[in-house]
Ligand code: PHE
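The chain that follows stands alone, in the form predicted on its own, written as structure tokens.
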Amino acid sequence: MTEKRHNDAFSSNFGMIAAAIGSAIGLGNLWRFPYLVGQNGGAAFIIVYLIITLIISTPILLAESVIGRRGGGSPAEAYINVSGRKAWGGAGIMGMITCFMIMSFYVVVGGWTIKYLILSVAGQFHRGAIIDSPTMFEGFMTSTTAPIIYSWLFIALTIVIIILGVQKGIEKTSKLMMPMLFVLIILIGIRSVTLPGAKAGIDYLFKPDFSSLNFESLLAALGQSFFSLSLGACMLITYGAYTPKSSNLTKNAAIISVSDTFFAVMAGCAIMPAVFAFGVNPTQGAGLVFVTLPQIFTQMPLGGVCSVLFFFTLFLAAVSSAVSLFEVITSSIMSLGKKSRSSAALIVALVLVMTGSLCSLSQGVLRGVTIHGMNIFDQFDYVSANFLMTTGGLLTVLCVGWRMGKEQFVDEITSGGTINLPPALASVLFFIIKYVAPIVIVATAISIIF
């Protein structure tokens, strides 16, 4: 067995929860969730999403935390220690590759958030401003140098946090950013729901129409739950290795899932009422954030202030998730390559500069370079979300359910019997992890492929 490594750790359980919530809350909540709600019928989709997150995703989140804390070290080391077999280290390496592919296009979108925050601060989206936001976004996204420079700036900001380490970097910034994120999204939500005509958007979010649901909606809800909670990418395995033994992993998993879901719903409240108040189509995809909202801000009272708050929130959410993705890769390179934290982080940054630039250029001059009909940016997104994260989630539940076993699982979630957990709850959680989750994941994968 690989020797456990706990050179760095969170100083408190709150620090771990803040960092884990930060890994979950990201562009998936503010960029992806609102337009999926719009494309899948509103409140009915939210209800299905909540059920899936509670029954399927939260136990998988717990399973990742269990592997991380019991196994220790990098994801590969954790899998080997928990399973007792070196072959399982491949699951951790795959998690590193998954995070690398996600980060390659994520840094590009992170760069977009910086650009739009700067535009907001400069007063480009104040009430009464005349803008052609579709042309503005298309022109920026497809240009050669500007989006690449902003993606490099995003990488530089992220690497500073990583090099500072777990306590001084990840934990400290998470404790600062997470409360700020929740306050900001609540303020934006209050402003949005108080707009004239916002009631239609509120009804759209909270009055279910189950006739609009179909099988694709179920797949979208499951995929969004996985994507939002970063399941299958070894993030909670990495953070689990830094988690104090006294922490209640089951409670932590519940808090992370509830916080992430609350933030996603609040993101819907921040966006959809405003969309309906100004008569905008709610099914416009990612353009809701970078095309539609700037137009709405120019028509909204206090639109300039709201635009700054929104894009600052979007930027913080992007950074919080990027840090966790970056840490998985950095931790793995530190372990596999026997590198220091700073050296490993710099290696990751240099590679991301190249792959991120390719993803950015694929929106413009390299748009004609496609793989199975998708450009590089979309291909990285599609493969990581639909195949790598799904496979990673399956390996997680198989390792805990079929290699670790119930006795070790219960021992870990009760911290050696020091945490009082109802035996029935422990049995239900393990049953979901061992039997239900693998079936759901495999069925979903088959549906995506065929």
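The first residue of the shown sequence is 1; numbering continues from there. Computed from a prediction, not measured in an experiment: that's the story for all the values here.
There is also a form predicted in complex with this ligand; it is not shown, and the following applies to it.
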Among 141-149, 229-237, 84-92, 184-192, which stretch has residues with heavy atoms no more than 4.5 Å from this ligand in the predicted bound form?
229-237
Counting any non-hydrogen atom inside 4.5 Å, which residue from I56, M389, V48, L36 sits next to this ligand in the predicted bound form?
M389
Residue (of A345, V166, I296, I102) lying close to this ligand in the predicted bound form, criterion heavy atoms within 4.5 Å
I102
Close approach of G68 to this ligand in the predicted bound form, 4.5 Å, heavy atom
no
May I ask you to state whether G28 is within 4.5 Å of this ligand in the predicted bound form, using heavy atom distances?
yes
Distance check, S324 to this ligand in the predicted bound form, heavy atom within 4.5 Å
yes
Find out whether any non-hydrogen atom of Y106 is located within 4.5 angstroms of this ligand in the predicted bound form, and reply yes or no.
yes
